[in-house]
Ligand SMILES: Nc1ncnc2c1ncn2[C@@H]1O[C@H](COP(=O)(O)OP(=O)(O)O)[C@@H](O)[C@H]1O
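This document starts with one chain, in the form predicted on its own, laid out as structure tokens.
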Amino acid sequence: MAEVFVESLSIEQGLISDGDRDGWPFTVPCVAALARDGLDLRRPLTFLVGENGSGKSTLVEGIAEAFGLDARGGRAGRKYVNAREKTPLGKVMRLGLTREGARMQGGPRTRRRGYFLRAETTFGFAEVVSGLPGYWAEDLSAVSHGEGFAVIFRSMFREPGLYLMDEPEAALSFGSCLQLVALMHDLARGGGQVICATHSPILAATPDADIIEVGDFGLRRARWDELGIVDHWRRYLSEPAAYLRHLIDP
């Protein structure tokens, strides 16, 4: 596996006001754990796995902004990103950069490589940039959501850089998720670094990935077969009625 660009995450406590410290997002357990202990990123491919509201998307947004990517999504090196106000976490997130990471972040804007794919904003953003230099030629409004995501992956996830994703499985079929697994694995082997927030046990099963579970406990590393999402999907697919009987009247 290749080297990473970002090797650690931390929060600069001195930049958090007393008023903000008792509010969102600093009361979210995973953010509080990051502020207390920091987090080492050990491999080129990292998954943040957790339930809705666990804070995994908030973490990915903060990483994006700390690296110079727009929290709403888009490619590295885009103009005017730094002119927009950052999220509360983005203002205080600090990245421990490797030499290559520091070289890319500190170099000319046009030489930065990477992309932030945020599922909930992808198509609104795509309407603006489709056909522009540095993006894709296809009109994504003329294809399905899953096909549109495939266009973005083919066009933007191709070379060494920092790639962030927030729930990319939202528009993908089972087969498309498998294709994304292959793409992420190839990126990590070819010099890219991928950090992905996901609910998908398919994506989290990508070989050689570092999996960090996010929840009320804060942050903890886990094996794929220890994840709650894996256990629940296995049991549900084996016997759906065991879950549905609690939700649907007979």
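Only a predicted model underlies this, so the values are computations on that prediction, with no experimental measurement involved. Residues carry their position along the shown sequence, with the first being 1.
Beyond what is shown, the protein has a form predicted together with the ligand; the following relates to that form.
Residues within 4.5 angstroms of the ligand in the predicted complex, judged by any non-hydrogen atom, belong to 21 to 29 and to none of the other stretches in 238 to 246, 225 to 233, 21 to 29, 7 to 15. Residue contact check for residue 51: one or more of its heavy atoms lie within 4.5 Å of the ligand in the predicted complex.
Within this chain, residue 55 lines the site of the ligand in the predicted complex, having a heavy atom no more than 4.5 Å away.
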